[in-house]
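Read on for two forms of one protein chain; each stands alone as C-alpha cells, with the labels structure 1 and structure 2.
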Structure 1
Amino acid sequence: MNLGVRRSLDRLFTGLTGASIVLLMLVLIAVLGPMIYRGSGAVLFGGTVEFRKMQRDLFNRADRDALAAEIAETDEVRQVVHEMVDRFKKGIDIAAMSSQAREINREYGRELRYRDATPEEYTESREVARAIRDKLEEAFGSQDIELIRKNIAEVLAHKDEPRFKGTVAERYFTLATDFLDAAEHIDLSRYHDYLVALDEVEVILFGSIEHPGLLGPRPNQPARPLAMTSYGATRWDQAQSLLDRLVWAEKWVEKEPGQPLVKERSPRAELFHGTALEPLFTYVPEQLDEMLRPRFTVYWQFFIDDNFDSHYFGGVGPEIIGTLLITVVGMLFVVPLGVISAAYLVECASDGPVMRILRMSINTLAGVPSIVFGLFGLAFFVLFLFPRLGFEPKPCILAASLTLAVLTLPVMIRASEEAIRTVPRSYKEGSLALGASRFRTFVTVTFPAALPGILTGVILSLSRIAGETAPILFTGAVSMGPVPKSIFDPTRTLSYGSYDMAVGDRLAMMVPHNQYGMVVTLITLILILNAVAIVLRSRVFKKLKGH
C-alpha cells in the first residue's frame, strides 16, 4: 500500500476514534447534565421560613428561639394579607354572614334569660333582635345597593339603644358596617364570579386539605392531616411558581371553531378591580421576600432523612439502605455461583452438544426482559420455595436479591468464563507439573490471574442489581414502610421509589427535585460501588504484575 494512503487511513482512523469519544461524552453530558442539575435542587435550594418550620416539626431540627422570632416577624407581614381577604369576604360570603347573624341572635336570646328583665322587656328585645337579623339577611341576599343601604341604615338606627349596650348584639352593627363598606366597593352583579375567584385565591395563598399553598394554613385554621398541606412554600422556586399563579389567571378559550383550545393569561387583579382585594396582587409580590425569608440552604440530610407524604418532604435515607442491602445480598449469591459455573464450563466441561446448548441458554437468559425474572421470582422463590423452607411466603429482601442474582448470573458467568480463558495455559501446566491438583491449580493460579476480568463481571452485575426495578416489583420492594430489620422484610429502594413517584398522582410534578434527587442518588451510589470495584481490580492487577 502506498505510504501516503496508509498515513491518511491511519489519521482517518485516529480521527474517527477521537470523534466517537467526543460524541460519547456529549451524549453523557446531554443525558446526565440536566438530570444532575435538577437533582441537585433536592440538596441545594432557597429554603424559606416554612422549610425551617417543617424541619422543626418533622425532624426536630431548628434553633427554636431564632425561628420563633423569625415566624413572629413574617406573621406580622402576612397579617395584612389576612385582613385584605377577610375584608373582601365580608362583602360576598353571604352564607357565612347569615350564619353569623343567626348565631348572634341565638346568643343574644341566651343572654337575655340571665338578665334581670321583665317578660315584656324580654319579648320586646327578642322581637327587635329578630327584626335586625331579618333586615341583615335581606341585605346580604340582595344585589340592589339602594336596598342594602336602606336595610343597613335601619339596622344601625338601633345601635345606640340601651338594650344592646354591652351585649353580643353589638356585633350586629359591626357586621352591618363591614358589609356595607364591602358592598359599596364591589359589583354586586358579579357576586358568583367573586366567590369562585376568591376560592382560587385562598387555595393559592393558604392551601387546602389537598393542595399546599404559598403561605400555608392561617393561624386560626384547624390542623390538616397531611404534612404537605400543613406548611406554605418551603422552597423559593415553589414560592415563585405559586406567586405566578396568584398574579396571573389562566383560562382555556376557543379561538376558532374546531381548533384546540388556547391558554390565555390575564392579570388576576383585573377580576377584583375596585374591590378591597385588588391591592393584594401588588402587596404579595412586593412583600413575598419578607413573608417567606428565603435563605440559601444545603440540605445534606436529604441522604439520611426519612420521607413524609410519599417523598413530598424529607430524604432518601431508607431507600439508600434498602438498595445497599439488596445489592450486597444479591452479590453474595451471584459472585460465587457465577465463578464456579464459569470454572466448570472452562475447566471441566467438554465441548459437546450439551455444553453448547447450555452456553446458548445462558446467552439467551441474558436477553430475557427483566419483568419476566420478576414474575419468576414471585412464583418460584416467594410462592414455591419459601413455604417449603418454612419461611413466610411474602416479598422480602432475600427473595428480591435471589431474583436479581438469577437475572445477573448470565452476565457474571460469561465475564468470568472469558476471564478464565485468557489465563495463559503455561500457568496451569507449570502448576500441574509441580504436582498440584486441578482444584489447587485453579484456586492458587488460575483464579488470581483471572481476577481482574472476574471483577469486571462483578462491576457489571453490581450496576444491574442496584438499578433494576421490574424484578423487585413483586419480590421485595415497597413504596412506603419501615426500615427493614432482617432480610425477610420488604424494603424501599431508590429505583422503585423513582418509579413510584413517576407513576404517582401529581407527585412528580409537584416535587420534581425530589424525584431527580432520588435518581441522581442512585446513579451516584452505583458510581461509588463501581469505583470501589475498579480500585480493587486495579490493585489486584498491579499485584499480579509484581508492582
Structure 2
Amino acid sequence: MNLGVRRSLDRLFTGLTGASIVLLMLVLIAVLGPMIYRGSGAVLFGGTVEFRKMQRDLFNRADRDALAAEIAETDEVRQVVHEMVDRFKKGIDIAAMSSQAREINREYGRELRYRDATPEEYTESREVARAIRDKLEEAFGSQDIELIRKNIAEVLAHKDEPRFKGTVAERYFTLATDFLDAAEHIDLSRYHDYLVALDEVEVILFGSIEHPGLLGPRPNQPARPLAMTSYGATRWDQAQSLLDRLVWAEKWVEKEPGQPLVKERSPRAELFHGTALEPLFTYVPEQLDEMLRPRFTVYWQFFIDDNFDSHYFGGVGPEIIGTLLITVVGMLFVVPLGVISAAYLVECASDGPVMRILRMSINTLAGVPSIVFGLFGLAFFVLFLFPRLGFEPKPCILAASLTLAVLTLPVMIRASEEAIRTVPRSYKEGSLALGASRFRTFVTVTFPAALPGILTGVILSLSRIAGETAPILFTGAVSMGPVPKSIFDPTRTLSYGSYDMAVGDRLAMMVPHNQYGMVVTLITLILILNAVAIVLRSRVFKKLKGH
C-alpha cells in the first residue's frame, strides 16, 4: 500500500469519526431541543389575569390590591359578553322562560293572599294573571311570529292595570318585551339548533364541570368542584386555541360518497347570523387582550410549588425533594458497598473458580431488567426484611433507595475495580515497604489515587438512581402524597411522576407543558448532580497531580 492511499484512508477514518460525532450531536439536539422548548413553557409563558387569580387563591401569592383593580377592569370588559349571552338566551331558553312565567304566577297568588282584596277581586286578579301566563306560554312554544306578536300585545295591554302595580306580576311584562325583542331577531324554526350551538359557545367561554373555559365560570354560577375548571385560560397560548375554537366551527362533511370525511371550518358567527349573539364573535377577538391581560410570566416557583388537580396547576417541588432524597440515601448505600466490594475483588480475592462465578454474577446483575429489581425489592426489602427488622412492611424511601442501590451496585463495583486496578503497583509497594499494613495502604495510598475513577462510578450510578422508574414503582413511589418527613415515608419522584402523567389521566393531554416541564426538570437535575460530581472529580485530580 503506497503512502498516498494510506494517507487518504486515514483522512477518511478521521472524517467518518468526526461525522458520527456531529450526527450524535444532531440527534441529541433533535431529541432534547423540542423537549426543552416545550418544557420551558412550564416556566416561561404569557400568564393571564386568570393565572394571577389562581396564584392568589391556591398559593396565596399576589399583589392583592393591584390584582383586585385589574380584575375589576377585566370584569367590566367581560360584562358585555355576559350581557350578549344573556340577551340571546332570553329568546332561546323556552323551558327556563316557561318556568319563570309559572313562578311569577305562583308568587303573585301568594302576594294577593296578603293584600286587602275582596274575594271577587282576588279571584279576578288570579284569573287575569293565569290568562297572561297561558298567553306567554303559548307564545314561547310557537314558531309563528304573527301569533307571538298578537299574544305579547295582549299581555302588554294589561301593563298599566293598577292591580299589577308594584307586584311581582310586573316581571311578566319585562319577560314579554324581552322575548318579543329576541323573537323578532331569530329564525324561530331553529330553536333547537340554537340551543345546541349556544351550549357549545357557553362551554368554550365559561367552561363546564369537566373542561376549563376561556373566561372561567360566570360570577353567579355555583362553585366548580375542581380547581382546574374554576379559572379561565391561565395561559395565553391556551386562550388563543380556545379563541380559535370559539370563532371557527369545525365540521366533518362528506365531499364524495365512499370517501373519508373532510374537515371544514366555517365562521361560527354564521350560525348566529342576525341574532343578539352575532357581535360576540367580533367582540371577543377584539377585546380578548383586555379580558385576560396577558403578561410575560417567569413562573420560577414551578420548581418549589406543589401541584393541584394531578398537575393541572402548580409545579414539581415535592417531586424534586423526593428524587433528591432517594438519590442521596441510595448513594449512601451504593458508594461504600461498591468501593469495599471492589477493594476486596482487587486486593484480597484469589483467582479461584468461586471468584470467577462471583464476577460473572456481578456482570449478569448489570444486565437484569430494572423491573425485576423492582419486584425483588418489594418481595425482599418490603415484605421480607422490614417486618423482621420491626418496620412496617410498607413501601418507602428506604426500600426504594435500597432497591436502586442493588440495581446500580454492579456499575459502581466495576468502575471502582477498574480505578483501583489502574493505581500503579509502585505506589502500593512503596507503602508496604515502609511498613504500612495492607488496610492502611489501601486507605491512605490506593483509595485516594483511585478516587477520580471511583467518582466516575458515582456519576454513572447517580444518573441511574435519579432517573429509574421501574424499581421504585413497587417500593416507594406514589403519584400523590405529602412531602416525605422521614425515609420511612413513600414519596413522589420526577421519574415516576412523568410516567404517571403519561399513562394515567386525560389531564396530560390538556397540559403538555407541565408534562414536558417535569421531564426537563429531571434531565436538568441529573445534569446538575453530574456537574457537581465532575467538578469534584477534577479538583481531586488536580490535587493528586500536586497542583
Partner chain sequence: MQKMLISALLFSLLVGGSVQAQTLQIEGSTTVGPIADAFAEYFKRVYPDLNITVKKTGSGDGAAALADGRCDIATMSRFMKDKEFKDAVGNGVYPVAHVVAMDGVCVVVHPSNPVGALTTAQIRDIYAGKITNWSQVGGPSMPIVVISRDTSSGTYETFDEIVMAKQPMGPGVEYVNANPQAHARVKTTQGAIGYVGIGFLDREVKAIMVDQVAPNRQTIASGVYPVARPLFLFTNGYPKLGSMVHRFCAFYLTEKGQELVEAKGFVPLTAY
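Numbers given to residues start at 1 and step along the sequence of structure 1. We call the rigid core the largest set of C-alpha positions that still match within 1.5 Å between the two forms. This is a predicted model, so every value here is computed, not measured.
**Q** Eyeball the pair and call it: which is the form predicted in complex with the partner chain?
**A** It is structure 2; that copy is the form predicted in complex with the partner chain.
**Q** Superposed on the rigid core, does the Cα of residue 143 end up 2 angstroms or more away between structures 1 and 2?
**A** Indeed, residue 143 is displaced by 2 Å or more.
**Q** Taking the rigid core as the reference frame, tell me whether residue 535 has a CA displacement of 2 angstroms or more between structures 1 and 2.
**A** It does not reach a 2 Å shift.
**Q** Core superposed first: is there a CA shift of 2 Å or greater at residue 389 between structures 1 and 2?
**A** No.
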